[in-house]
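What follows is a single chain, given as structure tokens, in the form predicted on its own.
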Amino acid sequence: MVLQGRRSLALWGGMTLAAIARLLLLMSGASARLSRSVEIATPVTSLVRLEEGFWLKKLGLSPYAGSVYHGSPLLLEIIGPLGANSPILFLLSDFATALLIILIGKRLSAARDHYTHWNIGITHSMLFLTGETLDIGEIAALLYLFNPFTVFVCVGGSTSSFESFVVCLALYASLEGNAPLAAFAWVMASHFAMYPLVLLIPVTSRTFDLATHILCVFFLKIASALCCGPDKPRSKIFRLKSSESLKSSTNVQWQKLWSFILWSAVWSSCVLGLCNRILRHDGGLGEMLRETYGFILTVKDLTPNIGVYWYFFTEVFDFYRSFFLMVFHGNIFCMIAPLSICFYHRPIFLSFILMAVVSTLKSYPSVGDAALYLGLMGLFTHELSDFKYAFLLLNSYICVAALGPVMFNLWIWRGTGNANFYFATALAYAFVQTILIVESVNSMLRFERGLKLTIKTTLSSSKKDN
């Protein structure tokens, strides 16, 4: 009881400190500077561009006139009227995301206890830690709130905060088996940024045996949290239930899958209907699709950012532009199938990996994308305990975060550098994220092999004792 009280005090004390830090930065006027930083604000997520789009709308013009704003019309109606009070909304969004991470962490902890104790009769502590176990959700939430990337995105007013919130809401709702809420959050996340479409797999996949349902991996086996619950070890590690129980469980999974598909269609229709109504005098849905999804896919704005698209498509010949656009965007979707086959039984971990891949390869990335997947990474402190190069990667993130603004200033404002200075930082950032993805996957695979060996050893010992 005393330990639980200390944990609660530490959690709420940490959240209070995080709120104070954000409020102090907002009061110091740092938001004006951060809102124009290319590492924080992109053409898709910039609050400055959103405000310009809102004023264009008020003047009777299309919010997409002049290729200034490229976000959702719904964000115009939500954030635009707030004006100077909009930072409070970003602050609330950050803490709502942190609370969702805590809830996701609790579900993961409960799932670990269930699948170890129920299937083989050994406890969570025997497999992961001996003694008192910290709540992984609370650890991950504090890591998310105190991550400098999260703080800067919140203070700078990037709409990445809303994207992170709806992504975490989709993951939590899917863990709870709430198909309407999961579908709503997934549709909204995909509407705001397009790339959360890849989370269809970790949000709804089924856990059928790959040997007999291999085709489902590419079509109907669309992600795992909604239909099978939180992350768990592979089913072949544990003893299976009776065939009758498995059959009834399969029927429930199909019901949840069809329910998710139906609600996704309903929410998509509602969102598109609202957008069409907002833009009924400004080009309608066609204008919105061209200036949002079309803008992201065609990479029309080559403003420098921490990604690699802007430099490459500045240099490439126009004749080859369409080909390389397909190659660059295709890289993201080519990784979905192999990662889903490998981690279909761990939907939250799969979400973390996919979001890291998207952050590395998307056309207009920001540090807000890294803030989200690094927060989700905190949920796997046990599984990634033998993570290699942690110290090197931590220092690399710090160096890239420090050198990015310096190189941009030398190039754009002082004129003593050139584009190669800043692009070298962007390449280093992509390299660091790639190492993080590869080592996270390797660490999880090593953990599962160790888990399988631990379970076999425990079962052998119990048989000998009997």
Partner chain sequence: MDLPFALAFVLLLTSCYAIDEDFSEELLLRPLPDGNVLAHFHFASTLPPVDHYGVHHRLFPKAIFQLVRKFRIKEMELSFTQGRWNYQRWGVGDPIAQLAAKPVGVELTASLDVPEAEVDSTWGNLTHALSGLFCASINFLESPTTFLEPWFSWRPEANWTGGGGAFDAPGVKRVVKGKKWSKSSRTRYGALPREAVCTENLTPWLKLLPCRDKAGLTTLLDRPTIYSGMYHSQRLIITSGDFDRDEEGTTLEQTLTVVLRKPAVSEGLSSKLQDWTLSGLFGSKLEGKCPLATTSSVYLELEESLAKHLAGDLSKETRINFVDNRVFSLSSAPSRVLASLSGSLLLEYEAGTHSELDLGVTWRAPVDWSPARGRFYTSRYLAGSGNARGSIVISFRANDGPSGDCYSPGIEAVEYVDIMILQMIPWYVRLYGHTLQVSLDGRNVEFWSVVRLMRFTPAEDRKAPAAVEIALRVSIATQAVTLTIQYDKGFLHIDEHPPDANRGFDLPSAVITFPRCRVFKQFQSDDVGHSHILAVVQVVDCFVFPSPSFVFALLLQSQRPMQIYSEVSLMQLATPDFSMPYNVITLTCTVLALYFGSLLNALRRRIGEEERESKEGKKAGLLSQKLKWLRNEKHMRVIKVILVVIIGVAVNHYLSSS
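These figures come from a predicted structure and were not determined experimentally. Residue numbers count along the first chain shown, from 1.
Quick note: we don't show the form predicted in complex with its partner chain, though the next part is all about it.
- At the 4.5 Å threshold, heavy atoms of residue 453 reach its partner chain in the predicted bound form.
- Contact check for residue 442: a heavy atom falls within 4.5 Å of its partner chain in the predicted bound form.
- Taking the partner from elsewhere, residue 322 is found to have every heavy atom lying beyond 4.5 Å of its partner chain in the predicted bound form.
- Residue contact check for residue 401: none of its heavy atoms lie within 4.5 Å of its partner chain in the predicted bound form.
- With its partner chain left out of view, the stretch that reaches within 4.5 Å of it through heavy atoms in the predicted bound form is, among 255-263, 342-350, 177-185, 143-151, 342-350.
- Taking 297, 139, 289, 316 one by one, only a single residue has any non-hydrogen atom within 4.5 Å of its partner chain in the predicted bound form, and it is 316.
- Taking its partner chain as it sits in the predicted bound form, the stretch 35-60 comes within 4.5 angstroms of it through a non-hydrogen atom at 36, 48, 49, 51, 52, 55, 56, 59, 60.
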